[in-house]
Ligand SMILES: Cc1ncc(COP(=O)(O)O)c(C=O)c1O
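First comes one chain, alone, set out as structure tokens in the form predicted alone.
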């Protein structure tokens, strides 16, 4: 490690004391895996211990109401009917579950964009190979002027064979906030249903699943809601729930109507709420993480989202000014994540990332864009401070000058 790693690190926001983040790392990468507050981790342990005290009672009786507590809390955040929402371990699992429930035939087209998360694309390629369907890619321009160009790029790939379109609410690598309130109904008008990947959704940007009307929506609670890892959701529009099953069906699969009547839930909910013996403590803790976020800002989760976005925009302006580069997106197209093209010269993305970590103790993604440029992606959470982003700007200037 370089002697430069001993330099004085910038101060984060004081709320970082409520997390377990390494104080010797400038953590600017909440967007990848999130971060869980100490009290939320403690709540998960309490849920697990209560289950272990009497496991039969927990799985046969108590789990249902506890899962519903988180279901109702999360439905208020993403704005949907709680009965249309079930839990899965991550957004990729949600995507895979939807694909397994589609009646795909040879020649069907599955529309994606070049900005989608690789794991989701891999699941699309796998189902296409097995069914004879075809994955069609819409190329989103980079940089991009406005929403109109994005909408046109997606529409240009729609044909009468398009079975479903995968859209990200916010793209992982480029941080584009897709205009889903325009795209989803416009695709529906052309006979195409949407699978919305809202991995960066709850607690990241305002959501209104019911108003948007996507056929399927999946998203993570472990990222911006700060819930434990393995906490995610899948929303299935009510008209599509009949016969929709989890990837693994369990004991009650052949008698769902009877079983769900006993647990006071719909067959759709029951099938997902118990898909075999599993640790569901992360699901139960979603309600606790929402309560923590609501208390962390005077304006609750809405205030958290606005605070994070405002700092992200300020940090982006600062870094762009220092590096002498133009922002690749308009401010209206980003939330608390922003990607900035770097004047990298002959340096590769892995080289820059490693120098930032080794010499400056900065943990931040540096990777490529659809245009082949090298970029840095910043993502702002409550524990981040502008002092940290000023430090990042100084580090990038020093590294790229070399």
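Positions refer to the first chain, counted from 1. Just so we're clear, the structure is a prediction, and the values are computed from it rather than from any experiment.
Absent from the display: the form predicted together with the ligand. The rest refers to it.
Proximity of residue 91 to the ligand in the predicted bound form falls within the 4.5 Å heavy atom cutoff. Using a 4.5 angstroms limit between non-hydrogen atoms, residue 117 touches the ligand in the predicted bound form. Heavy atoms of residue 289 never reach within 4.5 Å of the ligand in the predicted bound form, leaving it off the interface.
Taking the partner from the other structure, the ligand in the predicted bound form has no heavy atom within 4.5 Å of any heavy atom of residue 316. Residues with any non-hydrogen atom within 4.5 angstroms of the ligand in the predicted bound form fall in just one of 197 to 205, 261 to 269, 141 to 149, 72 to 80: 197 to 205. In summary, among the residues 172, 97, 308, 113, the only one with a non-hydrogen atom within 4.5 Å of the ligand in the predicted bound form is 172. Counting a residue when any of its non-hydrogen atoms is within 4.5 Å of the ligand in the predicted bound form, the hits in 214 to 234 run 220, 222, 223.
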